[in-house]
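Below, in structure tokens: the form predicted on its own, a single chain.
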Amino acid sequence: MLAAVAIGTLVAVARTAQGPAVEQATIQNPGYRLRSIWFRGLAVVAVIGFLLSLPAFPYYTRSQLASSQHYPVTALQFAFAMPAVLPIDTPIVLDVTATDVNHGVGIYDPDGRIVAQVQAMPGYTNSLSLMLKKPGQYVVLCLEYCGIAHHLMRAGFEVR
């Protein structure tokens, strides 16, 4: 049934496309002009969208980072060493590293939504700046396969 509809549509389009031959330039030039207008319109929409979303950019300024509290987070097979309590509505920086292999640190809010993620690598410290706005128990999961017990690698902390 669907094939019959598709074939019928193709035949109808082919019948309406019949007519005298037209020079390519008469079709090509308006097509390029329309494409140029379309591209410029999309560029304007993209720039406006970028400018409107700039205030909601999730990264802090240098002065905010300098005044933020830093908390160490260490990932190791198959656990996280991190503080048990973090402050609410306060700019903080998690200094994340690993002792053995690469790990992915995913932080989930009390509703189960991911709020931040960062890579934990041996010999390197990643600084994850964030502000936790919802009180409650947060869950931390490893997001990168790190070994046989990767699925058990979980931790948590309370935000208050």
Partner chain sequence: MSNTTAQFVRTAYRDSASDQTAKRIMWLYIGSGLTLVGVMVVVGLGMRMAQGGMHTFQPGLFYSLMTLHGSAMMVGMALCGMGLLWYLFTQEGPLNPTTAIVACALILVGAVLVAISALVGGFGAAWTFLYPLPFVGTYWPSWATGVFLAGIACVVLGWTIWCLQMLGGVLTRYGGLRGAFAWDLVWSPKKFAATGQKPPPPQAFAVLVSAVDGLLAGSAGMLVGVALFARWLNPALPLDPLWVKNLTYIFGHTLANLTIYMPLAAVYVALPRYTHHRHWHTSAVLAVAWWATLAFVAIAYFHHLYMDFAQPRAVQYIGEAASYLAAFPPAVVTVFGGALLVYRSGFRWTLGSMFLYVGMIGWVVGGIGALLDVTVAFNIYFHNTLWVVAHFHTYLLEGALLFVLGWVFYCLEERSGATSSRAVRTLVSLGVFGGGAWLLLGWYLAGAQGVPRRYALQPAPGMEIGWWASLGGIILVVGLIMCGIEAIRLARRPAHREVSAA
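Residue numbers count along the first chain shown, from 1. Everything numeric in this text was worked out from a predicted model, so none of it was measured. Here, rigid core means the biggest group of C-alpha atoms that superpose within 1.5 Å across both forms.
Heads up, the form predicted together with its partner chain isn't pictured, but that's what we're talking about next.
In the model of the complex, its partner chain sits beyond 4.5 Å of every heavy atom of residue 137. At the 4.5 Å threshold, heavy atoms of residue 68 stay clear of its partner chain in the model of the complex, well away from it.
Of the heavy atoms in residue 53, some are within 4.5 Å of its partner chain in the model of the complex. Residue 64 belongs to the set of residues with a heavy atom inside 4.5 Å of its partner chain in the model of the complex. Taking its partner chain as it sits in the model of the complex, the stretch 81-102 comes within 4.5 angstroms of it through a non-hydrogen atom at 100, 101, 102. Relative to the superposed core, residue 92 shifts its CA atom by less than 2 Å between the shown form and the other one. Relative to the superposed rigid core, residue 101 undergoes a CA displacement smaller than 2 Å between the shown form and the other one. With the core held fixed, residue 42 shows a CA shift of 2 Å or greater between the shown form and the other one. The Cα-Cα distance between residue 64 and residue 125 is shortened by 3 Å or more in the model of the complex relative to the form shown here. A shift of at least 3 angstroms brings the Cα atoms of residue 118 and residue 51 nearer to each other in the model of the complex than in the displayed structure.
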